[in-house]
Structure formats: C-alpha cells, structure tokens
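Have a look below at one chain only, the form predicted on its own, in structure tokens format.
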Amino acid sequence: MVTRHVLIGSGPASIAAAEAIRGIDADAEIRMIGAERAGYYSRPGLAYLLAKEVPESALFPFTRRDFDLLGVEQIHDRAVLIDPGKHAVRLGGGEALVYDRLLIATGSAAIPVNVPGAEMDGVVKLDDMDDARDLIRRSRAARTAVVVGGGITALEIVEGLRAHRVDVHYFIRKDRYWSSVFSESESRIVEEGLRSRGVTVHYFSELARILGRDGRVESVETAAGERIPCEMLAVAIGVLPRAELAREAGLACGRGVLVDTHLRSSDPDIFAAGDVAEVSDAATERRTIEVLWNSAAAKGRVAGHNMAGGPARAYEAGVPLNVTRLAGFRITVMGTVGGGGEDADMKGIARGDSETWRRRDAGTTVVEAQQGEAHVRLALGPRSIEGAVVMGDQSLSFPLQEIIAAHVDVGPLADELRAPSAHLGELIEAFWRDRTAHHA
C-alpha cells in the first residue's frame, strides 16, 4: 500500500523531508504545497540579490527535473485548513489532499510595524522573493529610505539599498545595534562600518508615524518629533512562526508547533519542521525557535525519516551557527554568546537568528580581543568554549566551530584564554594544530 505524504511549505525543511522520505520509501506519494510563486529558492541569498552581487537565477538550487527525479508533485496553492480527523488538507482552490503523514513546514512571517500610516504604499520588508524584487524595483526611483529594526535582516536591507545608491537612515531605538547578541565593541564596529558606507545612523530613535500623500510614503516622524523625508520605510522588527493552520487544527502550540524529539506534533500523524517547529532541547529542556537555514534542513531530514517509518530518529540540535556579512564585515556567530535580555529593535526573532545565541550559563566567562584583522569574543566554561563571535578575518572560525560543536575539553587552555592580554588567536591556533596532529 502506497503511503501518502503531504508537505505544507516549499522551503528547506520540506525539501530535506522529501529527500529523506524518498531515501526510505521509493514508492511513497509525496505532494508538496507551496504558496510562494517563486517556489524553492535560497532565502539567505536574497541579501546578495538585493546587493547586486548575484543574479536571481543563482538562488534556485532545484530545477523542475530535480523535483521530477525526486518524485515530488509540486502544488502551487495555499493550504487553508487541516482536518486531522479526515486526514486531509484543504487548499485555497477548494481541492482536498488526503494524507497518511503530514508535515507542517510553513516557516515564519515578518511582523508588521504598528504605527499610524503603516498601510501606505512604500512600507516594505524583505521576507521573500517578491519582497526582494519589490525593493529592487523601488530602489531605481527612490532617493531616500528609512530602515527600522534589528538583527541581520535590517542590515541586509540597509546594504542592499546602498548598493542601489539610495540614501539610508537607520533607526536604533536605544544606544547600539543588536545588543542581545553583540557586545558593545562589536556593535560599534558594525555601526562604524555602516557610517563608512554612507548610512546615517540615528540612536534613540523610535518610529512614531508614517506620513504621506495620496496613500504613498513621503516622510516618517520619530517619537521625539524629528521628521525625515523618504520614499520608502523598510521594516525588519522580527518574524513569528506561521502556526495558524496548526492552531486551527487543534494541535498543541506555543509560539510555534510543539513537537517531541522526533519532530512529531500532538497528533501522531502530523510532524513539524523548520521555523514553525518549537523544539525542546534535550540537555536544557528549554523550548527554542530558530530561523536558520541549516537548522530547518536538519529538522526536515529527521521529520521525513520518521514520517517514512525509518528506525526512530531523534532530532539533536547542533550548535547554532550563522556566517553572514554585516556592514562589509564577515561575521560568524556560534553557540551561546549573548548577554540575554531583549533587543529594543525587535519584537520577535530575526531571520538568520537563534534564541540559543542569547543564552549564557552562570559561571561563563567572556573574553574579547582584537587579533590582527579579526575581532574575537569567546564565552568560556570551566573547561570548554561555549560560544564565539568572529568578525573580520575568519581563519579562527572553522577551528572554533569544531571545538564548540564537539564540546571539546580544552583543559588548561581555558585558563590561558582568561589571562589578561591573552593572545586568543595564537592560543586557539596552537591548540587546534596540536589537536589535529594527535587525531591525524
């Protein structure tokens, strides 16, 4: 008997799930529902498309032939209802798809700004391919834009607009950028990078209202009464999981769809993966949302494996990692590095972000130094490196990724790294060379 799999969503979690299912069951029926017109593409690549560094064609890793070879039927429609009792998904066009196993991989959606004038033409975001195309189109005529928000996406928009020669004003509600993840010196490095690229950075600036004429944006006003003329207001204040379908279906939900270690929801035949899955960390029992491409794919692989009836496999969250570029600086963030607390510029988690970054256990020591062309910050446990930020030269990035991911006992190195004026880079490189030689 053929097992019928329906996957809601066309992002990395669904693709990985489909590959896992097909790897176990050559005869399974796999139907993928995707509401986005663009289909499956690289969401992280939108920043490089906006910055005119790659063509749009480079963002599509799968061709129609790839889907055919995988045996996946693509359905370009929107899922509007899940009926667990009937094991069916109703589409916007009225069709009902019957399933034996269902995957909810609906991703996350940008949080809209809530101020007077938010409905005007010219209020934009960078959430999907259509948004990127819209920003590029508007940038051809716009002279000035204001960007509000935090995290990675806000600066992707800032840099993309500057690549199109748009004058950009960037609002920071408090005294520095991304304070929940970056140290003060790291925030300053990024802010100075923005200014060197022609961006006007406004501190302690909170958007109060959007002003316009004939329904089009003409300026914005801050809470302090400052008015800035502009043709565009770009908003990046965070994303929230698209869990509405799951809630309406009666599934257990928190911020996202609550899943067990096998990525199974409160209904045994419904799984969730990607941004929408709220996963419990086995070690800490904390429930976490991540909006990371690699994490979404990893969850999708585990969900697909279990959906197909393979030997039960548990999802084990790896060390959250993102390698990105902000204000011209190559930056790697990994592990638990933040000081906790809320970011004043965000109302949710940002794309390319992990809640784990903000955590730091009691007893962790933070050391930070400029090492040649790299700025390095480490979060040190008694005998381990729990997290790191590397800005600029990335030669230390790979060794640190391996050390943190493997929970390597660094022994006396931890004490050496804590020493005043320690040469962090030299110490880590020497430790890594020695470890690599012993494991060769």
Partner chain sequence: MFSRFAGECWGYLNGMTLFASDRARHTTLATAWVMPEPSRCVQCGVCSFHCPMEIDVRRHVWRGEPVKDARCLTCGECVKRCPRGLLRFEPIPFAAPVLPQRRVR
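Residue numbers count along the first chain shown, from 1. Just so it is clear, the model here is predicted, and its values are computed rather than measured.
There is another form of this protein, the form predicted in complex with the partner chain, and it is not shown here; the text below is about that form.
Only one of D409, D415, E402, E36 lies close to the partner chain in the model of the complex, with a heavy atom inside 4.5 Å, and it is E402.
A single residue from the set N322, S139, S219, S265 has any heavy atom within 4.5 angstroms of the partner chain in the model of the complex; that residue is N322. Just one listed stretch, out of 287-295, 71-79, 167-175, 225-233, contacts the partner chain in the model of the complex at the 4.5 Å heavy atom level, and that stretch is 287-295. Although the partner is absent here, V54 is a contact residue: one of its heavy atoms lies within 4.5 angstroms of the partner chain in the model of the complex. Using a 4.5 Å cutoff between non-hydrogen atoms, S397 counts as a contact of the partner chain in the model of the complex. Heavy atoms of R330 reach within 4.5 Å of the partner chain in the model of the complex, making it an interface residue. The partner chain in the model of the complex comes within 4.5 Å of a heavy atom belonging to R301. Contact residues in stretch 254-274 (any heavy atom within 4.5 Å of the partner chain, taken in the model of the complex) are absent; none meets the cut-off.
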